[in-house]
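A single chain comes next, written as C-alpha cells; it is the form predicted on its own.
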Amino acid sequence: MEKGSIWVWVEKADGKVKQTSQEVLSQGRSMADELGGSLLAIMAGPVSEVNLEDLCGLPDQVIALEGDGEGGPSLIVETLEELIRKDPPWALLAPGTPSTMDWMPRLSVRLGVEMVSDVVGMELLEGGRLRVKRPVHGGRFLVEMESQEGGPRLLALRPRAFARKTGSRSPRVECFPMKARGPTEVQVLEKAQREKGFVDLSEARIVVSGGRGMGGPEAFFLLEELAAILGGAVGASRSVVDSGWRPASEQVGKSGRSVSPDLYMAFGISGAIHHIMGMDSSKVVVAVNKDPNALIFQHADLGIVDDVNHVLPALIEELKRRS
C-alpha cells in the first residue's frame, strides 16, 4: 500500500459498526486525504451489506479478518502484526474502548513503536510529523505530543471527541485469515445479549451518573428511568461499583470508562479526580449534591445543592409532563 495509507480498526456490536468507529473512520479519511493516501478499514468477522453502509462511504478498502475470531486479543495482535510488517501503514487508528486498550499496547510492544491513547486532537505537520493532543490531570491540561518521521503510529481516539462525516466511496472487500499460531489464552463460553434499547456508555449523547450520594443501589432505578426518558446511558462512580451497587461496565473514571457526552449529569458524586478524568471532555456538566463544597461543582456548568432523592423524582415528573 502506498505511503500515507491510514488504517482504522473497526469495532462492531450486534452486527453493526459502532458509532465510535465511524468517528475514527472520519478522522482517518481526513488524514488520508491530506497525505494523498488511502484509507483501509479492518474488522473481525465477515462484512455484511449493513456493515458496508455503516462505513459511510469513507474507506477505499476493507479487510475482513476471518477465522478463529474468538481467540481473544492475542490473536488480533498476531494478525495485525503480520499485516503491518508486510505492508506498514502511516498510522493505525482505533477507538479508545476497553477492547482496543487490551490489545493495542501489546501490538505496540511487538512492533517496537509508541502508542498514544485518549487522543482528542490531531494535526499533520511538515516533514511527515504528527501532532496529537490528549488530556492530563483530569482534563486541566492538554498535552501536545509530536511524532518523528517513520511509523507506524498507533493512536487510540477518545470516543465522541471527533465529528462524523460521510463519503461516496464503494470500498473493495478482501478477506484475510485469522489463525492462531498456538493455543490462545481466551475461550468464549457464552455471549450475553444486550437488552433492547441499550445505549453504549462511550457512545451516549447523554450520561446520567450516580455516586454514593444516591443512598443505595435501589435508588438507581431513578437514574435508569431518567436515562430512558432522555435516551441516554447510566454511569456510576468507582465507590458505587466497588460497593457492588452497579456493574463495572458502568464505571466512569480513570480506572473505568472515558465519556464525552453532550450532557453529563452527576447525581450524588463528590468529584474525586479519578472520576473527573473520565468525563472532563463532556460538553455540559450538571451536578446535584447536598454538599455545597463538593469538588464536582468546580467542574460543573450548572450546580444544584440538594438531596438527589428530592431532585430526581421532580425532574423525572417534569420531563414526563413535557413529553
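Note that the coordinates shown come from a computational prediction; the quantities given were computed from them, not determined experimentally. One-based numbering along the sequence shown.
Omitted from view is the form predicted together with a small molecule, to which the following refers.
Looking at the small molecule in the predicted bound form, residues 22, 120 and 165 place no heavy atom within 4.5 Å of it. Put simply, residue 209 is far from the small molecule in the predicted bound form: not one heavy atom of it is within 4.5 Å. Residue 283 falls outside the set of residues with a heavy atom inside 4.5 Å of the small molecule in the predicted bound form. Shown alone here, residue 268 lies within 4.5 Å of the small molecule in the predicted bound form, counting heavy atoms only. In the predicted bound form, at least one heavy atom of residue 307 sits within 4.5 Å of a heavy atom of the small molecule. Segments offered: 236-244, 123-131, 94-102, 76-84. Contacting the small molecule in the predicted bound form at heavy atom distances within 4.5 Å is 236-244. Proximity to the small molecule in the predicted bound form, defined as a heavy atom within 4.5 Å, singles out one entry of 64, 35, 52, 272, which is 272. Of the listed positions (31, 294, 40, 47), a single one reaches within 4.5 angstroms of the small molecule by any non-hydrogen atom in the predicted bound form, namely 294.
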